[in-house]
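First comes one chain, alone, set out as structure tokens in the form predicted alone.
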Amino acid sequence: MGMVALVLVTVFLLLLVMHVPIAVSIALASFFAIVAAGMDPTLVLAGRMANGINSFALLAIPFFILSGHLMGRGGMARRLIDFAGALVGFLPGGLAYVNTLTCMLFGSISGSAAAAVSSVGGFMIPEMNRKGYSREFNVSVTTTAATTGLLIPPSNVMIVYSVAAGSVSIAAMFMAGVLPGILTGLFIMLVCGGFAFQKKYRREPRASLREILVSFKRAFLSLFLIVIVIGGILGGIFTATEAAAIAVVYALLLSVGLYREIPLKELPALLSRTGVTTAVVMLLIGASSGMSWIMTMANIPQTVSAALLGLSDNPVVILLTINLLLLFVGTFMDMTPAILIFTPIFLPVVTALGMHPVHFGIVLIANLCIGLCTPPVGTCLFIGCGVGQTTIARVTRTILPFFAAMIVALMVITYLPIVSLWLPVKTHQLKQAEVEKAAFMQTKATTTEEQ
């Protein structure tokens, strides 16, 4: 099957170089590879693409996309900004911390990094510009902090990974992302502190306890969505898909009914945007499913696994290699197709090392989040530069320390499994015995000590 693998990889890379849309590139590469295998591509590829999106769990994606649109347009971002400002605005460079914390909160509610950049950045970047912060610094903070919402649940990409990995619990993934997302946000805040000290950025007036409580009261209903979604899933009240539908209803009641930020006449346009976005995501998932099948037929995952495991018997070296490969991939490939393509390739490698699939899922997502901030396919970076009215060339120098912070956070997440696995075990989404079997990097030792 060497010829099949050669055709698949060659056609795919050639189409990417020609700037063909990623979903079309994946589908056409799979088409020609199936032809090279001597099968009928019209039947095989169409069937695999249809089966790839025939999943109840994937129904959560359009609902979370719609809820993200409703929240971004529905006035929730402004209330979260006020609450974050009351908490951390008094620190040197306070607006940078407010920006980061708001992106974490809003991203966790909407599940969309792009929505966090446009909604939070649409207010925070001009406000920080007005108060003397560097325009490039403001864009860098917003762009990188927005990606934390893909780690803090609920998150569409976690659902995609769960489907790609096969038997990984969505609820376990949701719980596993909480601490890594917070950790990444804290590292970004450390960089903000360094800039604030160097540039002598101003403090905001310290909020009184009453002002903090008032801002919390205004933001409470927006924050309560996290409690509804995560609490309902953990309590076994509803599935992740049902939680996504409930999130839409809740966001609709707040943004249209209570806050009245979205007039009824705008709902058709929001539904249309949701439909277009969902169509793109589902096309990517379907095409990637076809590619994953032909890759398995061509023994590509087994070949890569053998090569990586033959490279070294040291898990640190192998995972460092995988992370470097994913960092490179993330610079030119969007997150959803990257997860769908590389999960079946790398998952057998890491499980052979004793790494838990949930842990690897968080590492994969944390890694690819960095790619959202890097050209040429850095979606968040392009949106941030557009909102901040600056160029990527000007932002590049300022954003490098934030990249370094995200990479340090990635290394911590990679080599300390407890960061990802502790909360799923404590919330009973993963069994203690199941985690102990994943003996990677002293996980077994730490759980034994607890006993």
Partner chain sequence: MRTTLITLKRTMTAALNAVLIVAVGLLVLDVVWGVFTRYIMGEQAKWTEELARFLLVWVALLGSAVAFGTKAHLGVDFFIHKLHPDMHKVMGVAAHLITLFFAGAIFLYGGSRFVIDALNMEQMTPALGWKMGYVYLALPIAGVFMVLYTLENLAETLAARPHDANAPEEVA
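Because the structure is predicted, anything quoted here is derived from the model rather than measured. Residue numbers count along the first chain shown, from 1.
Below: the form predicted in complex with its partner chain, not depicted.
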property: Proximity to its partner chain in the predicted bound form (heavy atom, within 4.5 Å), stretch among 91-99, 216-224, 231-239, 257-265; result: 231-239
property: Contact label in the predicted bound form: Phe31 to its partner chain, heavy atom within 4.5 Å; result: yes
property: Thr278, heavy atom within 4.5 angstroms of its partner chain in the predicted bound form; result: yes
property: Leu271: touches its partner chain in the predicted bound form, heavy atom cutoff 4.5 angstroms; result: yes
property: 4.5 Å heavy atom contact, Leu284 to its partner chain in the predicted bound form; result: yes
property: Three-residue site Ala27, Thr42 and Ala245 fully in contact with its partner chain in the predicted bound form at 4.5 Å by heavy atom; result: yes
property: Selected contact from Leu416, Ile407, Ile53, Ile392, since only one has a non-hydrogen atom within 4.5 angstroms of its partner chain in the predicted bound form; result: Ile53
property: Sequence-ordered list of residues in 44-68 near its partner chain in the predicted bound form, where near means a heavy atom within 4.5 Å; result: Leu45, Ala46, Gly47, Met49, Ala50, Asn51, Ile53, Asn54, Ser55, Phe56, Leu58, Leu59, Pro62, Phe63, Leu66
